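Let's start with one chain on its own, the form predicted on its own, as structure tokens.
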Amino acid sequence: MKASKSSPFRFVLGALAASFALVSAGATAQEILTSRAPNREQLLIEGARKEGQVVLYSAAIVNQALRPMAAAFMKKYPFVKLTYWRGDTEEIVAKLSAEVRAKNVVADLVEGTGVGELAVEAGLTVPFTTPAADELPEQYRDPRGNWVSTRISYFGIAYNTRLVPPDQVPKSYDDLLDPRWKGKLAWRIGTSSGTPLFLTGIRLARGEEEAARYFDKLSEQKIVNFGSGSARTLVDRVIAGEFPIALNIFAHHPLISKAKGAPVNSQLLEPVNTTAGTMVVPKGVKHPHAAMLLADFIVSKEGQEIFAKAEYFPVRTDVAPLEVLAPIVPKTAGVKELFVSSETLNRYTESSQKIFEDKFR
């Protein structure tokens, strides 16, 4: 029996034909990156098999996260060789920017805290789709498809337990104004997740007028501007006793050192500044099929479990962080959280940096 023009059979054939067209010679990289075809995974596997490789730029720690992530991905997709390059946020964005300008992009996927908003704002990325993002809380995915969150960061203070008695540990932002801490506080400068995030969080939580009054008082504390090394370096200086307290650090770093016997601990200040590391796809991506397989994998339960074992906080609600890090999850600690999205941080960074220059330099 011949199918009519309006029959379901002809409709299905049409949908299948459209999806298989993605692997034809005419399929563009952008069509591959944003495909939601019914057989998307099969198409990606077929394309990735031909591409044979994928390159990841990430700010994650190599031994703890990148190596096990690469090993697990290549075990699942042995026909794709995953190579990675690790750098801090600013280094990654600078490297990616140079590649895009030269029209010789090496990276296929870029991931890290603060990377997404900077790369998107600089026009270095293109939209993409991963169905795994549909399983994340709404705040961890961009409705326009420019980025998807990969891991969460909670910020607090680090304090040396030999220099700061338990009954004197600051429990609030106002406690930082105590005269006993004058000249004894430090914070990291030169990165968007340092002083700009701290100042932006205060502005969002208190409003501009009250925040301005707070900054006037805080500036009297003569905070040390620490500009060398990585985010972890400042915590190491606290452990060494150079600074009794460090502000706006990744709150899990002190807990990791504390578990190894170091004289350091974390304290959350309410509301807790929270950001999310994000991944983006650069303009001129050379291996779009393999890039999407990797994006799917990183946000999958399997990929998120790798991040959790590497002492990061997963974005999936069905993957728990390590037990030693659970105390600084705001929900677990019973304190309010202030999630600062990529767009919000980017929108406020310039004005927050000006506040820093005016009051804290």
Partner chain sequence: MTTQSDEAPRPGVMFPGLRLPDALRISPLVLILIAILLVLIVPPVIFLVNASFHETLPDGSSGAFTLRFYRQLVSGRFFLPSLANTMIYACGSAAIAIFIGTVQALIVERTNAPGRKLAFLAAIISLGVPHVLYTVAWLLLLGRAGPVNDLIKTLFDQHQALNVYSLWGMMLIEGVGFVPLTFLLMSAVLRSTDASFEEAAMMSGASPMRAFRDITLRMALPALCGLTLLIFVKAFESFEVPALVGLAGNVSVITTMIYQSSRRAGSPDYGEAGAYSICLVVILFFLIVWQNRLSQNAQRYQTITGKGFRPRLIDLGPWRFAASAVLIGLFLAVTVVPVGMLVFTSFLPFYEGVTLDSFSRMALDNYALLIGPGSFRDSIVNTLVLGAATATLVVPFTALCAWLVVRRAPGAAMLDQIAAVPLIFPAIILSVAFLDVFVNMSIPLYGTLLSVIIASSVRYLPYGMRYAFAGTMQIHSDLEEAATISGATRARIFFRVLVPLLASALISSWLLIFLLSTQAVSLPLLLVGPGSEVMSVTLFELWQNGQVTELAAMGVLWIALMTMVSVAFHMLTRRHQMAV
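Numbering follows the first chain given and starts at 1. Remember, predicted model here, so these are calculated numbers, not experimental data.
Although not depicted, the form predicted together with its partner chain is the subject of the following passage.
**Student:** Could you check which residue among Ile152, Ala132, Val272, Ile239 gets a heavy atom within 4.5 Å of its partner chain in the predicted bound form?
**Tutor:** Contact residue from the list: Ile239.
**Student:** From the list Leu255, Val80, Val224, Val126, which entry has a heavy atom within 4.5 Å of its partner chain in the predicted bound form?
**Tutor:** Answer to the contact question: Val224.
**Student:** Answer yes if any heavy atom of Thr233 is within 4.5 Å of a heavy atom of its partner chain in the predicted bound form; otherwise answer no.
**Tutor:** Taking the distances in the predicted bound form, the answer for Thr233 is yes, it comes within 4.5 Å of its partner chain.
**Student:** Would you check, heavy atoms only and a 4.5 Å threshold, whether Tyr57 touches its partner chain in the predicted bound form?
**Tutor:** Looking in the predicted bound form, residue contacts with its partner chain include Tyr57, since a heavy atom lies within 4.5 Å.
**Student:** Against its partner chain in the predicted bound form, would Asp142 count as a contact residue? Criterion: heavy atoms within 4.5 Å.
**Tutor:** The answer is no: Asp142 has no heavy atom within 4.5 Å of its partner chain.
**Student:** Quick check on Trp85: any heavy atom within 4.5 Å of its partner chain in the predicted bound form?
**Tutor:** The answer is yes: Trp85 has a heavy atom within 4.5 Å of its partner chain.
**Student:** Answer yes or no: in the predicted bound form, does its partner chain come within 4.5 Å of a heavy atom in every one of Asn63, Ala94 and Ala122?
**Tutor:** Checked in the predicted bound form: all three residues contact its partner chain.
**Student:** Quick one: which of 171-179, 273-281, 199-207, 224-232 gets within 4.5 Å of its partner chain in the predicted bound form, going by heavy atoms?
**Tutor:** Contact-bearing stretch, as computed: 224-232.
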